[in-house]
Structures are given as C-alpha cells and as structure tokens.
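This document opens with one chain alone, in structure tokens, the form predicted alone.
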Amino acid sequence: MPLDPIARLRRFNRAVTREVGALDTSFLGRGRPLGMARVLQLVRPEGTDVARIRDRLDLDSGLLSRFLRSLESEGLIQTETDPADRRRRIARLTPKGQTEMAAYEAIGFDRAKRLLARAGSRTDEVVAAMDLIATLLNRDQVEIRPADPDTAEARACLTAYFTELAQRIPGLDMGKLPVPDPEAASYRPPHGRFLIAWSDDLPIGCVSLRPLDPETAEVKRLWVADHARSQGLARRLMQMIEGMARDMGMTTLKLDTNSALTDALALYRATGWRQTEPYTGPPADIWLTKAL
C-alpha cells in the first residue's frame, strides 16, 4: 500500500524547513532570521519597489516595515520616496549591504553544492524535481516580460525549444536545426516581440512574434519547460503575444507547427486557430491562422 501523499508532502516540508534553517534566529550564521535575509536578497543596488518585495514574499506590511528598519539601522539598505511617484518607496542596497549579500551568496552556494553532492549520479533527477516543486509553489507569481532575443536567457529558451523539436519530431536531426536562431533579430522591437515567462529568476517559457506584412504577423517559438506544463502558462503566453499583435495593428496571425506536437495543437485549436494553406516547409506539416 503506497504511503499517503499528504504525509509524504509534510515530511518533505519538515526536511526543507530544517535544511534551509527556516527556524534559525541566525540564518546561515549571519545574525538575522530567514525572513529578513530574504528581504535583503530582493533589494537591488539600483533600487527595488518596496511594494514588489511585499508581494514577492507575501509579507504583512507591518512585518516588512520592521525588517526594513532593522536593515537600515545596520547600514545595509537605504529607503526613500520615489521622486517620480511619491506613493512608492524604493529600497537600495548600500555598499555595506552589497558586501553582506555577497557573503550570503557565497555561503548559500557552498551549501547548495554540498547538498547536490549527496545526490551523486542522481543530481539531474533531483534538480528536475526541485524545478517542478519550485514552479508549482511559484505558480501564482510567474511573470511574463518582454526580453531581447539575444540575451543568454532567451537563447537558453530557444535552445530548449529546438532540442524538444528534435526529440519529438521523428527524423528531425538536432544538428540540422538553426541554433542559435537565425530569425531572432526579427523578434526585436519595433518590428517584432519576444516574451519570456519567469518563475522567480528561472526562465520557464517563451514565445515570439515577427511581422510578415503590415497586417499579418507570425507567432514563433512557443515553448514551456516540462516542469511548468499543465498550469496554463502556454495559454497565457499566447494571450499576451496576441494582445501585443493587436496593439501593433495586426489583423491576422499565422503559425506553423508539426502534428507530433499534440499539446500545442490542442491549445491552438481550442483558442480559435484554424487550418490554412502551407506557407513554409518542413519540419512544419500543419499551418494555422487566426483573425484578431
């Protein structure tokens, strides 16, 4: 008889709580509890909106204010009213704060390295499981933002996209796929668009748009990481890129795909895409269009 999944989840929670030192009064031995350390981690040298910190950590405003005051008293951060919007408060790391964050990062990196060493040959399996759990926990905080298609994160998404094509489409040779994507420049504004979905600091999905003519654009490179699927992210990416196409004055969208990509096909057909005449070649074997 399998063990109760609720009991297994609670066991996992207890193990994580102990491993990360969530109950310690001095997280990683630096003299502050975990909550305060997480606030410090989200403050950037260039400044971070205090409301964004509160939302990211789901903290009570009073508790966040106490954390910020304490960090200010240590000389680690400075807070000020945003001159462009006096309703907003901005927190910035001081040079001392940057040094403290570097210490946290070094200790955290070392502990993570030692934890993964325990996994031995199962490291990839363990990291994949962690990605899945973290993405589930962060589901309601996934952000989709415009990005330049030549950034390292965008290239990682596109490489993962092409790798999956090679794995799922019979006879497709990864060595013959265009990596890096030679069309990437066409996804850059003002003509095209490129979006990345972020779970915390990890890119977990992308989609792009490029114009074909003044009224028609093509949706390209829809990809969602395996551990982030079945959570509506692909639909969100498509909705956002379609909205951008409307804002650009486009009236028609096109895309090409392959019949092996059954999940993507199901999404397209459920959201108003219809069969159209071929306009590209292999590996595409299905061509769709949608009126905006």
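Bear in mind the structure is a predicted one, so any value in this text is a computation, not a measurement. Rigid core here is just the name for the largest C-alpha set that superposes within 1.5 Å across the two forms. Residue indices: 1-based, along the sequence shown.
Separately, the form predicted together with another copy of the chain exists; it is not shown, and the next lines address it.
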Fill in the blank from the handout: The listed residue (54, 229, 236, 66) that reaches within 4.5 Å of another copy of the chain in the model of the complex by any heavy atom is 229
Handout entry: Option touching another copy of the chain, based on a heavy atom within 4.5 Å in the model of the complex, out of 173, 125, 85, 213
Key = 125
Exercise for the section: Just one of 129-137, 71-79, 213-221, 88-96 has residues with a heavy atom within 4.5 Å of another copy of the chain in the model of the complex, so point it out. Expected result: 129-137
Problem - residue 156 within 4.5 Å of another copy of the chain in the model of the complex, heavy atoms - result: yes
Problem - Heavy atom of residue 12 within 4.5 Å of another copy of the chain in the model of the complex - result: yes
Exercise for the section: Look up in the model of the complex whether residue 185 has a non-hydrogen atom within 4.5 angstroms of another copy of the chain, and give yes or no. Expected result: no
Problem - Distance check, residue 23 to another copy of the chain in the model of the complex, heavy atom within 4.5 Å - result: yes
Handout entry: Full three-residue contact with another copy of the chain in the model of the complex, heavy atom 4.5 Å, for 6, 18 and 112
Key = yes
Practice task
Determine the residues of 96-122 with a heavy atom within 4.5 Å of another copy of the chain in the model of the complex and present them in sequence order; the list may be empty.
Solution key: 105, 108, 109, 112, 113, 115, 116, 118, 119, 121, 122
Exercise for the section: Superpose on the rigid core, then tell me if the C-alpha of residue 23 is displaced by 2 angstroms or more between the shown form and the other one. Expected result: yes
Problem - Per-residue C-alpha change between the shown form and the other one, residue 57, threshold 2 Å, rigid core fit - result: yes
Exercise for the section: Please say whether the CA atoms of residue 144 and residue 56 come closer or move farther apart in the model of the complex, knowing the change relative to this form is 3 Å or more. Expected result: farther
Fill in the blank from the handout: Per the comparison in the model of the complex, the residue 52 and residue 236 C-alpha atoms (change 3 Å or more) are positioned farther
